[in-house]
Every structure is written in C-alpha cells, then in structure tokens.
Ligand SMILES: Nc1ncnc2c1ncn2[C@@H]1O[C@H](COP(=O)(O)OP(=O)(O)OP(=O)(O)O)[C@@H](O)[C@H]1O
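A single chain, nothing else alongside it, follows as structure tokens in the form predicted on its own.
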C-alpha cells in the first residue's frame, strides 16, 4: 500500500529532516509510528499522503509515485486526520461537514445522504450541530468521521485521540480496528501514547532524527528497551512490568495476561516481589 524508497526530505537551507528512509506498509496493516518530538513523524505522515514531496527518493502509494500523481487521486485513496481537528473542519453544520468530501468526489446525492446519516449514527453526532461550538473531543470525532465517510483504502491518524476522554478514545479506536479487520483499511497511526500503541497496533516503526531505529511487531518493540531508549520513549506499563518480573513473564503484554501470570506464579509459590 505504501512504500518509502530512500526518501530524503529537507527544506531549503536547512539540515535534512529525513536523511534516508525506507520502509513498506502492506494492505490491511495497522502500523504505529513512534518517536520523540522532532523525530520526523509528522513529516513522514505528510510525505505519505502527498502533502509533502520528497527532495529525493520515492514515496509510492498503491504503486503510484506521489510526485507524479494528482492530489485528487491521492485523496481518494488516503484519508488524513490532523492532530488539530480545527485545521480540517470547514462547514457550518456537522451534516454538511460529513457530506462535503463525498460531494467533492462526485458521489450521487442519494448515496451522500445515506452515508452521512450512517456516519452520524456510528459516531454519535448530531447533524445540526455547529462544529466549532462543540468540545475538543467532539470536534475530533467530527473530523475523523469526515475522513472515514469517504472510505479511503488507507488512513493516516496524527495523534487521533488527543482531547478525548477514555470512553471516547476506546470507542473510536475500536471502530478503526473493526474497519481494519473487516474492510482491510490500512492504518498508519502517529502516537505518543504507548498504551494506545500497545493495545491497537500490530506493528511499530520507531523513528529518531528522521531515521528508522526499529521496525517490528508491537510485542517485540515494546520490550526492546535499547530501541525505545534511542527514541526517548518508555514502553507501555504492562510490558515494562513484565520485563522487571523476568523470563516467566516474557509473553505477558496485557492486563489479563499479567493477572493470569501472577495467579499462576502465586500457585507455584513464586510470585515476583
């Protein structure tokens, strides 16, 4: 679905933000991109959907070079959720906001209405709301709904749960996960929240100074302290605790797995201190 081939990116008269980056993301994958502030995560996400073009190297989206592909063609395949929803909300009501992208794509009016009403239900939104009077979390839901209603093949999420409470966060991430599982939606998620990454991502890319420090299954990356330390990132709480408890807890990554492992250890009389 997405390939970076020796991508180099810099602004004029500045050091390179991305010196030489290569990786691929397959159809239907769910990948988290992590790293400290300034690592180049936002630049990578904008290169991935054609908002930025590489200085050299290639970004291939569904096999097409972003430098020679029309922006409108890219937009049909890739949805992008900005960290700040106010950067993408542009209509006076939620219903108009959800319908806007579909109308731009030339979707028939009856289908626009049907998909808009479906999205309002899925995201628990009122179509008559004026978006900018709503809470930060509600505006984030509106922005995400306006992206997913267009049914892209891939979605790029830049800190998708910023401003959401726990219940809203779980509801949205469960919805995205269901789309990933049932429709094959490819997901690239930029996040500082390691608990979120641990719970939802299948694979993790670790970035430092625009260079890839690690690329692997979330279960491996979350317990590779040498890679995480290079990126100035702490592992999620349960994997971090499992590392402290030793080899008997090497396969523990979730709360339920930790509870089961502690119970088993207690029965053997060897629960960790």
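Numbering follows the first chain given and starts at 1. Remember, predicted model here, so these are calculated numbers, not experimental data.
Not on display, but discussed next: the form predicted together with the ligand.
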* Look up in the predicted bound form whether residue 216 has a non-hydrogen atom within 4.5 angstroms of the ligand, and give yes or no. => no
* Please check if residue 43 has a heavy atom lying within 4.5 Å of any heavy atom of the ligand in the predicted bound form. => yes
* To do: Spell out, yes or no, whether the shortest heavy atom distance between residue 38 and the ligand in the predicted bound form is within 4.5 Å.
  => yes
* To do: Tell me, yes or no, whether residue 159 is in contact with the ligand in the predicted bound form, where a contact means a heavy atom of each within 4.5 Å.
  => yes
* 23, 222 and 234 all contacting the ligand in the predicted bound form, non-hydrogen atom within 4.5 Å -> no
* Interface stretch in the predicted bound form with the ligand - options 238-246, 58-66, 223-231, 30-38, non-hydrogen atom within 4.5 Å -> 30-38
* Structure fact -> The one option of 136, 202, 151, 192 with any heavy atom within 4.5 Å of the ligand in the predicted bound form is 192
* Asked: Of 1-23, which residues get within 4.5 Å of the ligand in the predicted bound form if you count heavy atoms?
  -> 11, 14, 17
